[in-house]
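One chain is shown next in structure tokens, namely the form predicted on its own.
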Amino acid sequence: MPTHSSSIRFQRLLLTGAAGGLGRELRTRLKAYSQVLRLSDIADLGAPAQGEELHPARLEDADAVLELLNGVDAVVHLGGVSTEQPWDSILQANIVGAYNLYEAARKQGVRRVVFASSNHVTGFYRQDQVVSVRDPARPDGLYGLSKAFGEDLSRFYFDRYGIETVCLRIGSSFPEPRNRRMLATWLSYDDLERLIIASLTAPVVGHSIIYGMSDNTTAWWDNNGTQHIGYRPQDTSEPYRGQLEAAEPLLDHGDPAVIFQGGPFVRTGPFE
């Protein structure tokens, strides 16, 4: 686990989506950087630990989100729908919800947001391409489309209102990579922490987009031009290569999930 610096402190840091998979992991890690860690979700958050505030709120409820951001120094926004779902769910949580969050940040004077975007913003690039943050979005589904909207929304709120955002196009963040695709997309939990803390504490970020990946030998994404964030991944998927390639020795090159970077997200889903 990265070494915590006692000089990196926030009076009140907000983590949305705190009951989700990454939210639960970051809940234990972000507390070291804040006097008070405010946690929000619509799912059960359990009992608060010392230094935690529980503040459930539905992202589509503008009044609730406005109160959620009251007294907050910065936001790590993981909340919303994190998989391909029917349009109405994505619209409310990821699009209306993102707008409500940024309007609340404007009204409450919050100056920095770390926005959990996704690699699925560019999921329809092929796996034999290397994509930079300057390349056009090519979402692989409604979920990826909603994250592309969130990136554009956050850019608008920076250009017009000066709210800084680092959009993290998170790859596949798990304790270890689970399949051959994740040899390219894996982001370790320790590197996830490094990435978020760098995004929160870099002196000037403006509006930045960065791919969330570890230092993997196979890479589809180019983070060149994002060095100002100060993120230096320390982990790599390489130690898992042998076992993952042995588990999937043959790939179907007629399968869109093998051709495109978005993996299974590019397939026609049950909502179409």
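What you see is a predicted model, and the numbers here were worked out from it, not measured in a lab. A residue's number is simply how far along the shown sequence it sits, counting from 1.
What comes next is about the form predicted together with a small molecule, which is not displayed.
Partner proximity in the predicted bound form, defined as non-hydrogen atoms within 4.5 angstroms of the small molecule, places exactly one of 72 to 80, 165 to 173, 197 to 205, 93 to 101 at the interface: 165 to 173. Out of the listed residues Val133, Met182, Leu192, Leu142, Met182 is the one that sits within 4.5 Å of the small molecule in the predicted bound form by at least one heavy atom. Contact check for Ser146: no non-hydrogen atom falls within 4.5 Å of the small molecule in the predicted bound form.
Although the partner is absent here, Asn119 is a contact residue: one of its heavy atoms lies within 4.5 angstroms of the small molecule in the predicted bound form.
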